[in-house]
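Coming up is one lone chain in structure tokens, specifically the form predicted on its own.
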């Protein structure tokens, strides 16, 4: 008890900030999902009506909006997450063969984009992908409308995502690979294992926990994607890159009447999907760590 009282002045401010900016908004948002609310007036309790509209009523406009937004979000997660895992892992392996100073320089170069805001990065890449004077079309002699045609619209979004997001995972993988016991490598070499076989037989099993950790965190962040499609494609062409977070924002704070209850219900459903996927990933991660 005395130890708890001594620790309270240190953890108390954090708990207060957590309650004000995370716990209370989350609980209130869950309550709003069961109401009809326009942000201004008093919420009106409607029970499961909002969930009924987005899940089980095809005639409701929110039904197709939710399905389309969730489908586009899953497309983003299904492609972005593997890229954000595999690309930095390959880079970590590649720079592992050069001296520490050179590796640190490369690591810093790849980490810098993560320090740049999404809006600034999107502006730079929008200029690169511009149809008329963009660097890519001019260099390759093409005439592609990257942000207004598919599949190029997704390509621009994934390019920005990978460019901005690989630095953090690269640092984790490089550190994990450096800590692989040298005895295991030497034993594999004595058995005649080449570099590819060493990677799958020695390196990959040794870094599986960092890999699973980054998988869980990257997946959680990817489900909250918003800035990339807003800045690069504005959800186009024809809504094919409109992710669910964009729909939620537009319903709650868009130009028309606010429908915060529907937006909150969509947020709850997105959270449940993420919780289910994260639970499976955590189960695999901790089972792997016990093996």
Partner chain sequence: MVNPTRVVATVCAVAATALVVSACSAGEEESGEVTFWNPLTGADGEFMSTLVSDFNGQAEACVVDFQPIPADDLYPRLYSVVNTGEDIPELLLIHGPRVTEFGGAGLLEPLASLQEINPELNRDNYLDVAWDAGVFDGVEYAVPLDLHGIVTYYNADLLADYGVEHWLDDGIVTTEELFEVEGQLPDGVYAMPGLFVPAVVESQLFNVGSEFAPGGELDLTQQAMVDIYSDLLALDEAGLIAPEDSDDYQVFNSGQALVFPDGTWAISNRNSIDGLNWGLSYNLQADASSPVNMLESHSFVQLIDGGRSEAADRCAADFLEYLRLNSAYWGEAGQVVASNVAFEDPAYSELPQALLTNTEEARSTLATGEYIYTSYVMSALWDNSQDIVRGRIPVEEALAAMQNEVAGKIAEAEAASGN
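Numbering follows the first chain given and starts at 1. Predicted model only: the values in this text are computed from it and were never measured.
Just so it is clear, the following notes concern the form predicted in complex with the partner chain, a form of the same protein that is not shown.
Requested in this report: Pick the stretch from 140 to 148, 203 to 211, 78 to 86, 160 to 168 whose residues have a heavy atom within 4.5 Å of the partner chain in the predicted complex.
Outcome: Within 4.5 Å of the partner lies stretch 140 to 148.
**Report entry** Non-hydrogen atom contact residue 70 with the partner chain in the predicted complex at 4.5 angstroms
**Finding:** Although the partner chain is absent here, residue 70 would stay clear of it in the predicted complex, with no heavy atoms inside 4.5 Å.
Query raised in the report: Is residue 197 close enough to the partner chain in the predicted complex to count, meaning some heavy atom within 4.5 Å?
Result: It does not: once the partner chain is placed as it appears in the predicted complex, residue 197 has no heavy atom within 4.5 Å of it.
Query raised in the report: Does at least one non-hydrogen atom of residue 251 fall within 4.5 angstroms of the partner chain in the predicted complex?
Result: Yes, residue 251 is a contact residue.
Query raised in the report: residue 39: heavy atom within 4.5 Å of the partner chain in the predicted complex?
Result: Yes, residue 39 lies within 4.5 Å of the partner chain in the predicted complex.
Query raised in the report: So, 27, 29 and 266: all three within 4.5 Å of the partner chain in the predicted complex by heavy atoms, or not?
Result: Verified in the predicted complex; spot residues all out of contact, no.
Report task. Check each of 117, 130, 175, 104 and return the one that places a heavy atom within 4.5 angstroms of the partner chain in the predicted complex. Result -> Exactly one listed residue reaches within 4.5 Å, namely 130.
**Report entry** Residues of stretch 217 to 248 in contact with the partner chain in the predicted complex (4.5 Å, non-hydrogen atom)
**Finding:** Read in sequence order, the residues that approach the partner chain (within 4.5 Å, in the predicted complex) are 237, 238, 239.
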